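The data below hold one chain only, encoded as structure tokens and taken in the form predicted on its own.
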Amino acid sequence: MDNLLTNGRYRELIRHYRLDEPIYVTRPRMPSLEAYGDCLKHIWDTKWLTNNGLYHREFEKKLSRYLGVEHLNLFVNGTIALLVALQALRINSGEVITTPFTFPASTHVLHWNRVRPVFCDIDPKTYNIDPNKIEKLITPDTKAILGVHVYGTPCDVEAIQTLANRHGLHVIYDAAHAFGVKIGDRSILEYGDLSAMSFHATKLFTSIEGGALVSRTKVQAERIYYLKNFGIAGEETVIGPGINGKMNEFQAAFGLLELDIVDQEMRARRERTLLYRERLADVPGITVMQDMPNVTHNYGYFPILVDPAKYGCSRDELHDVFRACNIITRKYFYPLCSTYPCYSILPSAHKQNLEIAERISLQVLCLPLYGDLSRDTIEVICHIVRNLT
């Protein structure tokens, strides 16, 4: 890469396109400061900071209505929601089949629940866990399948559920990327036993930090509530070991205001996604994701694949040129979770078992995408991709 950055042609390209201010891979759409200030004043006046306050109750109700789900519990963050999902299903031993192509939290929650992750290769088009490769990994110790809707693209939920039903397995989805996504008229959150969401500041929809767990039944939702609240069922009653996973009033108030603007953000991201697709459609060696039929996408991310043989340079080289131009792209998701020292010794982590995931992880690059990203900046980004080789 040193040779590339010091080459006269590339130095001239970087000098021409380098931006004065950094462009990050994502930025949150902020609600009105005045409106949030009003919420803060109410919190100050009532001195109710957490523990199921007014904003928490209102946010939980309105969010459930917006997402079209009946049973939803708010959490302090998405990782705790996913951690509690396993506890709610009493999965605290054995194996869970999952994807290596995801954020570390998806795998770490298994370790924290004393569950051994079994890595399954991914589909080359969706980058999600490949249901055609799951069944051969099922053993008597398998308790569940943990799928991730990567970039908000739905997993093959029907095929996964068929497998789970055949073998008596639970299905949990990490839906951290999938806010507002639907298959037909049905929320993606209605599939599987439980779906965990993240509202981190880097997500399409944010409550600063935060998350939620969507369940199928009232009984399940009640168990989740106890688990996230120390197991407390009353002022003098603790029914079991729980954790502190509650969302506070500051997060809930922010999330409430975000609900008013998230549709606008999704529309703006869609417009920018279409512009990217148009500008990059004919670049040799660059692959962009397309919409799936019968799916309502949220356009939370814009990943591309860089085939070095066809494009003329590697993903890493393109990434470094962008950095030199003050454009912060991200290699989501590299390295694979299966390569971390804590998991690399597992038999399922061997590279020969994960050929597609290995290839995708070496080629993927997420370009900046957020609602107020200017069209001019997208043009610069696309010019760099088109003119680098």
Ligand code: T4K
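In this text the structure is predicted, and so the values were computed from the model without any measurement. Start at 1 and count along the sequence shown; that's the residue number.
The protein also exists as the form predicted in complex with the ligand; that form is not presented, and the subsequent description refers to it.
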{"item": "Selected contact from 300, 100, 78, 117, since only one has a non-hydrogen atom within 4.5 angstroms of the ligand in the predicted complex", "value": "78"}
{"item": "The single option of 264, 93, 162, 202 touching the ligand in the predicted complex, heavy atom within 4.5 Å", "value": "202"}
{"item": "Whether 105, 177 and 210 all lie within 4.5 angstroms of the ligand in the predicted complex by heavy atom", "value": "yes"}
{"item": "Stretch from 340-348, 62-70, 31-39, 324-332 whose residues place a heavy atom within 4.5 Å of the ligand in the predicted complex", "value": "324-332"}
{"item": "The ligand contact in the predicted complex: residue 26, any heavy atom under 4.5 Å", "value": "yes"}
{"item": "Exercise: residue 198 in contact with the ligand in the predicted complex, heavy atom 4.5 Å", "value": "yes"}
{"item": "Exercise: residue 148 in contact with the ligand in the predicted complex, heavy atom 4.5 Å", "value": "yes"}
